[in-house]
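For reference, the chain that follows is the form predicted alone, supplied as structure tokens.
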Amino acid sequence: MNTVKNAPQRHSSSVPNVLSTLSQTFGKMNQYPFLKWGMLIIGLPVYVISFIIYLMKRKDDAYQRLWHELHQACTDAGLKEKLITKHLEQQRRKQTFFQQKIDELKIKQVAEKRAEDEFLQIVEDKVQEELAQRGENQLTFSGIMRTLLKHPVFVVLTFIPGLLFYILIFLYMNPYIKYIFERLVSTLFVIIGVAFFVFTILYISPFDPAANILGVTATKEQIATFNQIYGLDQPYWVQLWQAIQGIFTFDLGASFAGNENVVDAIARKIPITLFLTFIALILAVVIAIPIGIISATRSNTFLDYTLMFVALIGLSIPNFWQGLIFILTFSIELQWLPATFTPGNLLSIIMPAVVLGTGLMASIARMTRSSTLEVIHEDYIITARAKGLNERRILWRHAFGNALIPIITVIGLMFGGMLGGAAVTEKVFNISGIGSYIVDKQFIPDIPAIMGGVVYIAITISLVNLFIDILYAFIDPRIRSKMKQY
């Protein structure tokens, strides 16, 4: 029965707690100019209502009333005249000391200005001291808003017109959601930046799409008609806006060559590249991390030198040469694996995945070794050994988790390089992926196709990096604590 009776009380007390947190979060966000102006723009109705209430309360503000009283009292006491006299004497002594000509008019102006500043500061100090003794605070617009956000009636009345404002504050109330939201916002700016630079480079490119597609026999009228159909005769800013708009609405129109829908073509090709990249990533992680750990635990031995030498070779081999050697060896000579990729044939993905993942495999192995070596010589690992813990338990429970942050960083960075550099591997193994698609369209240049391919790859890389950033928080408790500190 007590549980049932206390349930409504807990529910009713949770509302003030939420509103109090809402008010505190607003105060913290208000300290950052970017967030401050963002809240003002999206929450203008809330600010207008709050400002009206602020003006009404300002009439009875104890600070304003007390400031005028003390200002008048200090004026009546002749404090300003005393300060002017003091600064006049100081200026005369200063000019006499430096043997300068005494200019009474200039001295008087400087003394009056400095006396006025000191007088206002003395009044302000007295006001603050008096307010502190009374237990009152100065009325500010920010303070009024924080107070209003604690009142359920105000929040209910302004919730609909200030919906975006409240959504933004609620997002920032949870440190993890705030972290993800900020990364998504930064990703949005990255996408816009990539679109801007890619389009600008293609726009100033010396290649003429109309002349390349129509051929040297095309007349001026045919070229003009082609440019008009695809909007290439419009100003730079108009074309740029249309390109960015098409990216976010998934409507990039038709490609210049082949007249196929760009988004549909990318949707067919990008899964192949993603599948190839993820298979290469899994192979690299599964093989490289154990190699790096073994090398670290047996540092400066023949095994360590051999493994790191092989890793260095893996970093040095060009993808296209490695792919050709694989085809000659495993396809033509041994006839174990197909030379080209065939959808549905899992054997045909082995060689491309190994070739694409070789560089990543070598990088992860070297980073795992160096990171693990650094961690296993820390004081807490030595303490764990002194306590008699099993070496395997020390390695996997205490050392590996702390060594994982640099390894994950390398994986995230190299994944972007793999995804962007998959074009070479795709060309060698005749894979119809997004990399080879962009390369084929580059020399026209087919602006919608290249824009779509590059930007959607950038979006994929940004999302992978967002996932890596979130992984940091789950792996390292120090990062979690920093996320909770605003």
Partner chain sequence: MSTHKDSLLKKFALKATSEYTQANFALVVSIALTLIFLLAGIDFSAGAIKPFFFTLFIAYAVFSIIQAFIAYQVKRDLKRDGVIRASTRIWGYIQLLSVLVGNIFTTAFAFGLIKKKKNPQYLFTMFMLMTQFYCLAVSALNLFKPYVANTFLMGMFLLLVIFVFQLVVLFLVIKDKGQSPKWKLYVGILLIITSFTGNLFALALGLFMLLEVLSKTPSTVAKWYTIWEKIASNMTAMLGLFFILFIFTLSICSYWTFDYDMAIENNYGATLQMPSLAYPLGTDNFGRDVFSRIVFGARISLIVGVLSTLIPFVVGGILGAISGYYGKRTDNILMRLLDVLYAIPGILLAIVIIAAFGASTTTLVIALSVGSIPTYARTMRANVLMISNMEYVMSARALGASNLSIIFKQIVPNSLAPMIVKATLTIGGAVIATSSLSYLGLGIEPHIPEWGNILKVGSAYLESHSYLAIYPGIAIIALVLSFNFLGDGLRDALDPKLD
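Positions refer to the first chain, counted from 1. All of these numbers come straight from a predicted model, not from anything done at the bench.
Below, we turn to the form predicted together with the partner chain, even though it does not appear here.
K427 is the sole member of R65, R58, K28, K427 with a non-hydrogen atom within 4.5 Å of the partner chain in the model of the complex. In summary, among the residues L157, L389, I167, V190, the only one with a non-hydrogen atom within 4.5 Å of the partner chain in the model of the complex is V190. Using a 4.5 angstroms threshold between heavy atoms, V439 counts as touching the partner chain in the model of the complex. Although the partner is absent from this view, S23 stays clear of the partner chain in the model of the complex, with no non-hydrogen atom inside 4.5 angstroms.
Within this chain, P235 is remote from the site of the partner chain in the model of the complex, having no heavy atom within 4.5 Å. Residue contact check for G416: one or more of its heavy atoms lie within 4.5 Å of the partner chain in the model of the complex.
Only one of 92 to 100, 280 to 288, 311 to 319, 117 to 125 lies within 4.5 Å of the partner chain in the model of the complex by heavy atoms, and it is 311 to 319. Within 4.5 angstroms of the partner chain in the model of the complex, the stretch 265 to 290 places no non-hydrogen atom at all.
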